[in-house]
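In structure tokens, one chain follows: the form predicted on its own.
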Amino acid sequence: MIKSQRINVFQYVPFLRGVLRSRLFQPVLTISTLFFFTLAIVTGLFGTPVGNRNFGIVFVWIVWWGLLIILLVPFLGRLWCAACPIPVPGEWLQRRGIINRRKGRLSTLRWKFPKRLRNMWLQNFGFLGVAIFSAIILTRPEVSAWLLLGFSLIGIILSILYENRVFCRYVCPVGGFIGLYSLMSPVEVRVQDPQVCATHTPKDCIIGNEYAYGCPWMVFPGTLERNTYCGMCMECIKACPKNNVVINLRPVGSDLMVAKERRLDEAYKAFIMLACALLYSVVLLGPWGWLKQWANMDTLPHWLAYAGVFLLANLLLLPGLFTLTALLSQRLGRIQLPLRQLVTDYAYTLVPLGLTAWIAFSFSLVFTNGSYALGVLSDPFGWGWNLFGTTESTWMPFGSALIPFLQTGILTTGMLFAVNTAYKIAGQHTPNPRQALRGMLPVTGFIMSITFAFLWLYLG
């Protein structure tokens, strides 16, 4: 993405740099979210077992999820990661404090994270592990609470063993898909002039200084080209003595075109997220009640059958169909590229499609069930409290008539963006526009077929 297509936000909102350089910026965010995170765990363990009356279920899987997937990720990328409460207890232990920069190295055992695991594979399988139990997690507060507590404990343990945010970068199931879909965000943290970083030593943004820590996400802003692994914690803005790190606005989906950093683990994340969006729509929103019962483990054999089909669809069926699509594209477009790399490259066309599919799914989930939040806000445990006078508020779906139009609009937008991305990626493999057009046709067919499947599920 060329520089002229970026807008430096600090040029138009100069006071924002001062806000982000403050050491209070991230603690204020994380302490606020940690309060609600703790409340979600406590209400899940000790509150009512009725999901739609329990704060842990309603505010995590409806309110937070809706804000995350409909607003935060599409528009602000990984900003949630800067506010996420899960890794902060471990990070505070490493830093031996919460606000001020403490002298010396991070307090850890300084183990080296295995090179083979420095990718998105753990996040892929972690997300699948959670997704298989999703119907149970979404309806049983105690299970949801233990899951959240487990994430936090894993984060603490990894912070004791390894430096920086190993949990966030390589393990967190939520962080994996946020990173992938942040490729679509119109916001980025980048350096204004890479040459300044190339010539400046020492690298304060990496090793830290008296004002800031080195990047907790283990990236070098001077060569950063994608949002995937930037947690937007703003430590680099605090650390840079040259004021060379900025917040940019840029065209949506810019990172999808960074060809040299496309990877198979990220491609599989795109497959998994798209397949899960489709399967969730079938199970949780479809008219087949028996499927929801199977997913909710009405009997162990039923759940095992559901889990088997779920894994098969995610790991073999959808990737296999897409591989056949890429093979046909290779033949039609006469693309001189190994099939594995072509599959990996074309998989990034599924990022806009997958993101919009999740947004469409979330419209139904949030608009239909969001009104539960009013009652739960006054009675988070379901014990008969009425803190804000809203306990007796009744369930009322919001915007039911609008949901089909919103779903159609967002899915169509995702389809068109994905098709355009497919053409651009095909153009990276051949200088001949006609060959690029022929090459992207099978991928276009795949994208349209998936989109029509979603529309059929939602519209009938």
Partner chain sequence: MKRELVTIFIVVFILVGLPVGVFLYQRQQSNPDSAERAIHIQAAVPESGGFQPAAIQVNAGETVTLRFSSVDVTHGIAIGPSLGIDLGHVDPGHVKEVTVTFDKAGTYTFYCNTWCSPDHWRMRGIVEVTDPNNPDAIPTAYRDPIIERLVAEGVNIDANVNMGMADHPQGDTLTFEQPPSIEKGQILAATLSIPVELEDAEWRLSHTPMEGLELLTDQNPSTPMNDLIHVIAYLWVLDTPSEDIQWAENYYNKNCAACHGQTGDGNGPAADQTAESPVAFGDAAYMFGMRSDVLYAKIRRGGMGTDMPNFGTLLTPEETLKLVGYLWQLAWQSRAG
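Numbering follows the first chain given and starts at 1. Computed from a predicted model, the values in this text were never measured in an experiment.
Note that the form predicted together with the partner chain isn't included here; everything after this is about it.
- Message: If we define contact as a non-hydrogen atom of the residue within 4.5 angstroms of the partner, is Val50 a contact of the partner chain in the predicted complex?
- Response: Yes, Val50 lies within 4.5 Å of the partner chain in the predicted complex.
- Message: Considering non-hydrogen atoms and a 4.5 Å limit, does the partner chain approach Leu39 in the predicted complex?
- Response: Yes, contact at 4.5 Å.
- Task: Indicate whether Phe398 is a 4.5 Å heavy atom neighbour of the partner chain in the predicted complex.
- Result: No - in the predicted complex, heavy atoms of Phe398 and the partner chain never come within 4.5 Å of each other.
- Query: With a 4.5 Å heavy atom cut-off, would you call Gly384 a contact of the partner chain in the predicted complex?
  - Reply: Yes, Gly384 is a contact residue.
- Query: Candidate spot Leu332, Phe405 and Arg438, all three in 4.5 Å heavy atom range of the partner chain in the predicted complex?
  - Reply: Not one of the three qualifies.
- Item | Contact residue in the predicted complex, chosen from Trp303, Tyr211, Tyr268, Trp92 - any heavy atom within 4.5 Å of the partner chain | Here the answer is residue option Trp92.
- Query: From the list Ile99, Leu249, Ile160, Leu327, which entry has a heavy atom within 4.5 Å of the partner chain in the predicted complex?
  - Reply: After the contact test, the surviving option is Ile99.
- Task: Just one of 430 to 438, 57 to 65, 416 to 424, 22 to 30 has residues with a heavy atom within 4.5 Å of the partner chain in the predicted complex, so point it out.
- Result: Looking at the other structure, the answer is 22 to 30.
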